[in-house]
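Below sits a lone chain in structure tokens, taken as the form predicted alone.
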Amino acid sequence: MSNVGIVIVSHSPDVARGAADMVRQMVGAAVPLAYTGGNPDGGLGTSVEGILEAIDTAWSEAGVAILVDMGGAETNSEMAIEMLPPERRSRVVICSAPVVEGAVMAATEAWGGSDLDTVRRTAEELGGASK
């Protein structure tokens, strides 16, 4: 069985890379991981194309959990999910959790072999998201 993949989406390429580095240091290579940050010109922002590439890179049959930093990242992630083939679309979720803490918690849960819903719930509950 494969582990849930993790995608980190930030407006800042440095934040995305840094959060991914933390995750990788904590769980190693057992969890499929990808990140994207910045707009195509290298400035702050996000791109649907970058998010789609990150989903493909982190793809797992167990699903993919996406962590985002701000509203635009969430909107573009939602658009990217809608562009996925139907058989993949239902296996990708956006977690309402802080990007760094949520990514670490989600990856730790995924590393343990949990399913996509448990990974999302753990990121949201233990990553510090308020309901």
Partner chain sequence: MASTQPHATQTQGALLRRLVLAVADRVIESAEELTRLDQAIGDGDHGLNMKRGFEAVRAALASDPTDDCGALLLGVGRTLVMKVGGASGPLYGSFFLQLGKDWAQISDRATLIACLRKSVDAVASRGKSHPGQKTMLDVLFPLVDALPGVLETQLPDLARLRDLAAERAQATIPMLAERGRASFLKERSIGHMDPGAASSSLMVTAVCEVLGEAFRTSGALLTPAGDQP
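Residue numbers count along the first chain shown, from 1. Keep in mind it's a predicted model, so treat the numbers as computed, not measured.
There is another form of this protein, the form predicted in complex with its partner chain, and it is not shown here; the text below is about that form.
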> How about residue 105: is it within 4.5 Å of its partner chain in the predicted complex, going by heavy atoms?
Replying inline: yes
>> Even though the partner isn't displayed, in the predicted complex is residue 120 close enough to its partner chain, meaning a heavy atom within 4.5 Å?
In response: no
> Is residue 84 close to its partner chain in the predicted complex, meaning a heavy atom pair under 4.5 Å apart or at it?
Replying inline: no
> Is the gap between residue 41 and its partner chain in the predicted complex 4.5 Å or less for some heavy atom pair?
Replying inline: yes
> Does every residue of 88, 90 and 115 put a non-hydrogen atom within 4.5 angstroms of its partner chain in the predicted complex?
Replying inline: no
> Taking its partner chain in the predicted complex, which residues along 49-65 bring a heavy atom to within 4.5 Å of it?
Replying inline: 49, 52
